[in-house]
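Consider the single chain below, provided in C-alpha cells and representing the form predicted on its own.
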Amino acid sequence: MEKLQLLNETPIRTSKNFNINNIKIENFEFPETIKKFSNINIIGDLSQITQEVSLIDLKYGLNEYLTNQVKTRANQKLKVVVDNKTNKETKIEFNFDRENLELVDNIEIEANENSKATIIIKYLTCENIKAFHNGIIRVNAKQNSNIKIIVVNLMNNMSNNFLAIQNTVSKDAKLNYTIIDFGGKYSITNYHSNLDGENADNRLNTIYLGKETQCFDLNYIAELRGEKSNINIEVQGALNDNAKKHFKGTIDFKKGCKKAKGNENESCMLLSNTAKSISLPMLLCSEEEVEGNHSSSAGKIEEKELFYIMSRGFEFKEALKLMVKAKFNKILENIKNEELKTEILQEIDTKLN
C-alpha cells in the first residue's frame, strides 16, 4: 500500500476537506513479476520507430514508485521520430491477453521542426482477464511541428491503468491530444505540458465513461512560459452505477508568458444517484496581460430531453446512449480514423447496456 501513497498529487495543495489533493488506493496488488509483453501491433512507417528511448525525467508523474518502475522494468520501449512534412498516421496497439498481462511501456515521441503526424496509442484487453498497465508518454514538439496524439484506453473493468504524460511544446508548435478513457478498475492519469515557446499551442480533449465501481483520477497540469502561448482543456464525461471521478486541472501562467491564454472546461453527466464527481479547476498566475478561464459542472441527465427522445420511439437505454454520444460527439470529431471511431462508439454502447 505504501507504494501508492500520495498518488497523483496536485501541484498546489488545497484544503483536505476537498479530498482531491491525491488519491490513495487501498490493498492494491502490484504484479510480482513484469514478464515479456509481445502482443503489440504497429501500423505505419516502422523506419521511424526504434527502442532507443532517452532517460526519463518527469517533473510530476504519478509517483516515484511508478516512475521508477518504468525507468528500470519497462517491457516495451518505443521512440517515434517524426520527420514527415505531410500528416501521416502511425497506430500502436497494445493487446492484453493471458500471455501478456503486464505492460510497462516507455514511449518517446520526437517531432522535428516543421513535421506533421497523427499517432494513435491504444490499450485493449482481448479476454476476460485482470491486466496491469503502467506507462509514460513523452512528447517533444519542436518548432512549427503539428502533432496529433490519440490515446485510447479500452481495458476492461478488472484491469488497472496508470499513465503519465509529459510534453514540451516549442515556438509555433501545435500539439493536439485526444484521450478516450473508458477502461480500468482504476484509471489514473497525470498530464503535464510545458508550453515553452512563443505561440506554442496545446489542445487536450478527453472523454471518460465509467460504470460499476470504476474510479478515474485525472490530473492535468499546463505551465505557460512562452509569449502568446495557448492551452485549451476540454473534458466531457459520464458516470453510471457507483463509478467516481476526480478531475484536477491546473493552468499556471509563468513569468514571461505575456498575452498567453488558458481555458479549461470539465463537464460530467451523472447517470445514477450513486455516481460521484469531484472537480478542482485552478488558475495560477505570476505574469500580467494573460487570459485565463475555467469552468466545471456535474449533473443528472435532463429528464425533458430524455422524455422527448423516448417519445420518438426509443427505449430508455437507447435514448441514454444517444444523449451520451451527443455529449461526446464534438471530441470524437477529432478522430479521423473511422474504424477507430466506430470501435469507440461500439464500446459506449457496450458500457451503457
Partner chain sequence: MKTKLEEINRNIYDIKNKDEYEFKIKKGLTAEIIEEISKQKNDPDWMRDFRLKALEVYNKLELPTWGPDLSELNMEEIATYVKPKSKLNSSWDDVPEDIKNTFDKLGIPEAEKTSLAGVGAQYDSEVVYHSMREDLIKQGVIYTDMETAVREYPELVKTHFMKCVPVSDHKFVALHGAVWSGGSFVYVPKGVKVDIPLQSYFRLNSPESGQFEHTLIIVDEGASLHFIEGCSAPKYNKVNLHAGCVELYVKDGAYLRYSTIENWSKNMLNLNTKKAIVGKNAKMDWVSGSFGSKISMLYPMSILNGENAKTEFTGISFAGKGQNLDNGFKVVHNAQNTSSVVNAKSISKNGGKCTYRSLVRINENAKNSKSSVSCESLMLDDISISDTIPTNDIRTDDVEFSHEAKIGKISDKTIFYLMSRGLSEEDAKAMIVRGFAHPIAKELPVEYAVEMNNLINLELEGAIG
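Numbering follows the first chain given and starts at 1. Here the structure is a predicted model, which means the values were calculated and not measured.
We do not show the form predicted in complex with the partner chain, though everything after this point is about it.
**Q** Between the options 283, 215, 81, 101, which residue brings a heavy atom to within 4.5 Å of the partner chain in the predicted complex?
**A** Contact with the partner chain in the predicted complex is made by 283 alone.
**Q** Can you pick out, from 275, 117, 207, 109, the residue that has a heavy atom within 4.5 Å of the partner chain in the predicted complex?
**A** Checked against the cut-off, the match is 275.
**Q** Using a 4.5 Å heavy atom cut-off, which stretch among 70-78, 252-260, 194-202, 119-127 contacts the partner chain in the predicted complex?
**A** Of the options given, it is 252-260.
**Q** Within 4.5 Å, heavy atoms only: does residue 329 come near the partner chain in the predicted complex?
**A** No.
**Q** Would you classify residue 51 as touching the partner chain in the predicted complex, given a 4.5 Å non-hydrogen atom cut-off?
**A** No, residue 51 sits far enough from the partner chain in the predicted complex that none of its heavy atoms falls within 4.5 Å.
**Q** Does residue 294 make contact with the partner chain in the predicted complex, using a 4.5 Å heavy atom cut-off?
**A** It does: once the partner chain is placed as it appears in the predicted complex, residue 294 has a heavy atom within 4.5 Å of it.
**Q** Contact between residue 90 and the partner chain in the predicted complex at 4.5 Å, heavy atoms?
**A** Result no; residue 90 lies far from the partner chain in the predicted complex.
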